[in-house]
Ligand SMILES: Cc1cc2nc3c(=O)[nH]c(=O)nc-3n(C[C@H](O)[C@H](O)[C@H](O)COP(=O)(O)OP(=O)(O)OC[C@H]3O[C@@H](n4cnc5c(N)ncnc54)[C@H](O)[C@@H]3O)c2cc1C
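Before any questions on binding or motion, here is one chain by itself as structure tokens, the form predicted on its own.
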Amino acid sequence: MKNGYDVAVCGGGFAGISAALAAARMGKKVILFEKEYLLGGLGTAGLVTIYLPLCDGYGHQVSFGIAEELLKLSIHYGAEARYPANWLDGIGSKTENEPRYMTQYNAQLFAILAEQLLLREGVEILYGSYVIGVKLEGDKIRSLTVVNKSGTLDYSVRSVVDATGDCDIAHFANAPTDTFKQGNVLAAWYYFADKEGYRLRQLGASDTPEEEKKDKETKPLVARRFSGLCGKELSEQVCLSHEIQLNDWLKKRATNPETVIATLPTVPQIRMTRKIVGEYVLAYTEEHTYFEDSIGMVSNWKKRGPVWEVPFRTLYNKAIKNLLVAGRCTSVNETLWDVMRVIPCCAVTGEAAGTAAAMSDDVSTLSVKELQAVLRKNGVILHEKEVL
């Protein structure tokens, strides 16, 4: 049994980065387990490099705190595209006719900068590490079973944040979970370079706001859908993506011999798999609804207007009292899931989950008002009426 940690964060995507950062800033001993050797998850290794909006599209920023900090970090050395000059530099306006507070960033640079940030804050990062099980004492997780190059080891923990994207820890602990019934459509994003520069090629499932799409009725790459929870299926999905990427490049090369494939994703481009069934299930129809226990707000990246306050109750189920979830593991209905899975939402819920995990190992007794006070102190605005 390895020495204990105050907070263990499972998964190093944007939700996990935010959770680990928030917990470490509370002075806690934090370890982050990441199965890849790169932070950022789908937003780096998966090449989904669009940092979707922090605003409602009508001039009101709604996501703050670490969500905004990481956006600025992602373009520390310049944006790849979509630089939000109207938001960061005061150039132009922020009306419904102007760009939203979003950007496109370089995956590799962000991964390194995020790693350096976490290390500076005292987070221990353990790469190449899968959490494969948990040990419970009553209704609390007391250790995580982790496999990596060193073998299989148990890590004792006080609190846990499940930021795996697949809600693996909640599943291992037998907390109530639900799966994505529709299945994921195939995506085959990659980067290519030619004499005009280095660009992102978005094939298949696209995280592009409706107003930016030239073809609103994009045909799926294949008829098949993917659950994202089967090893064989994931391998087949990656092979299909590779075939499509190669064929797409060959077509480009036929007319432009200077075109080269620059970067391929190194993780499956799966968006939604499994989520917790929390103490509250937030619905798509609850836009602009006030929640007393809100821990922050998120907007609709697909279109301008909708804003959701996120209740703290969506981040846990009392069945496991020292487990919180973040990112696309959050308790929402299936319609809202496609909104909640993206980077700003991952950062908002990650910050709240990490803060709460640092404050208590029992979510059922944690004072929501005290949690909200800490979040406010750290720059998070909790209610929509406060930004209108």
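Since we're looking at a predicted model, the values are computed, not measured. In this text, residue numbers run from 1 along the sequence as written.
This protein has a second form, the form predicted together with the ligand, left out of what is shown; the following refers to that one.
In the predicted bound form, is there a heavy atom of the ligand that lies within 4.5 Å of any heavy atom of G57, even though the partner is absent here?
So G57 does not count as contacting the ligand.
Considering non-hydrogen atoms and a 4.5 Å limit, does the ligand approach I50 in the predicted bound form?
Heavy-atom contact with the ligand at 4.5 Å: present for I50.
Flag V160 as yes or no: does it have a non-hydrogen atom within 4.5 angstroms of any non-hydrogen atom of the ligand in the predicted bound form?
V160: no, not in contact with the ligand in the predicted bound form.
How about T314 - does it come within 4.5 Å of the ligand in the predicted bound form, if we only consider non-hydrogen atoms?
No - in the predicted bound form, heavy atoms of T314 and the ligand never come within 4.5 Å of each other.
Candidate stretches 41 to 49, 317 to 325, 357 to 365, 63 to 71 - the one whose heavy atoms come within 4.5 Å of the ligand in the predicted bound form:
Only one stretch passes the 4.5 Å heavy-atom test: 41 to 49.
Only one of A114, I270, M297, I276 has a non-hydrogen atom within 4.5 angstroms of the ligand in the predicted bound form; which is it?
Only one option qualifies, and that one is I270.
Check each residue of 122 to 141 against the ligand in the predicted bound form and list those with a heavy atom within 4.5 Å, in sequence order.
In sequence order, S129, Y130, V131 come within 4.5 Å of the partner.
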